[in-house]
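The chain below stands alone and is given in C-alpha cells; this is the form predicted on its own.
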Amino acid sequence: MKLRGRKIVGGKAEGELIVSRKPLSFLGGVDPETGIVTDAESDIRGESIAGKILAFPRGKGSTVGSYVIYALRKNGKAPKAIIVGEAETIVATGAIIAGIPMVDEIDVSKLKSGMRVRVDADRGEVEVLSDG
C-alpha cells in the first residue's frame, strides 16, 4: 500500500511505525532525553519514539514543542521520520530545524503501530512494506 501526501521536510527513512490516534504534544508530552511519550492523554504513553517512524493526526500545545523535537535529535532520540494528517506550525518547524523527514496530508487511520514503512518525503509518499 502506498499513501500519497505532501512534502514538508525532504528526506527518506525506513523503519518500524509507531502510531498515535490522538494529537501529540511535544512540550511536556515527550521526554527529550529518552524519547518516551509522557503525555497523560496519549494512547502511546510510555512508548519510545526514538528511531521509529512516528505517525499522528496533528500536533498540539506550545510552540516550545518545536525545540523539544530539536532536542530529541540532538540527544539521538528523535524519530526517523514524521507522518501527520495535518502539519501545523509547531511540528513542521521542529522537523525543519531538526532535519527530520516529514510528510502530511496522510490518512493515519490506515496505519498501525508495528508496521514497517518506507517514507520518501521528497515525493510525499509513505509505503507500507509489512503489517508487522
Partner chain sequence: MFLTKEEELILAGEYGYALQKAMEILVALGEVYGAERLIPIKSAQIAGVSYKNLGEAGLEFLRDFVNAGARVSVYTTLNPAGIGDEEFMEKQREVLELYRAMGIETTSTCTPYYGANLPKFGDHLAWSESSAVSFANSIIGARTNREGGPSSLASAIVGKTPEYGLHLDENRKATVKVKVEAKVRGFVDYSALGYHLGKTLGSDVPYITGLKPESTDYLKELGASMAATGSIALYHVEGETPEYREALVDKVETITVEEADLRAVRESFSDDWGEIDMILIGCPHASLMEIKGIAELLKMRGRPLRIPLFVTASRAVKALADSLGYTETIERYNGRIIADSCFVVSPIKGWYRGIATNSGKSAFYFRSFGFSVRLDDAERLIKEAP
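Numbering follows the first chain given and starts at 1. All of these numbers come straight from a predicted model, not from anything done at the bench.
Another form exists, predicted in complex with its partner chain; not displayed. Remarks below refer to it.
Q.
Under a 4.5 Å heavy atom criterion, is residue 64 part of the interface with its partner chain in the predicted bound form?
A. Yes, residue 64 is a contact residue.
Q) Do residue 97 and its partner chain come within 4.5 Å of each other in the predicted bound form, heavy atoms counted? A) Answer yes; at least one heavy atom of residue 97 falls within 4.5 Å of its partner chain in the predicted bound form.
**Q.** Touches its partner chain in the predicted bound form: residue 87 (any heavy atom, 4.5 Å)
**A.** Yes - in the predicted bound form, heavy atoms of residue 87 and its partner chain come within 4.5 Å of each other.
Q: May I ask you to state whether residue 27 is within 4.5 Å of its partner chain in the predicted bound form, using heavy atom distances?
A: Heavy-atom contact with its partner chain at 4.5 Å: present for residue 27.
Q. Taking its partner chain in the predicted bound form as the reference, which of 106, 50, 37, 71 has a non-hydrogen atom within 4.5 Å?
A. Looking at the other structure, the residue within range turns out to be 71.
Q: For the stretch 6-40, return the residues whose heavy atoms include at least one within 4.5 Å of its partner chain in the predicted bound form, in the order they occur.
A: Stretch hits, in order: 6, 8, 27.
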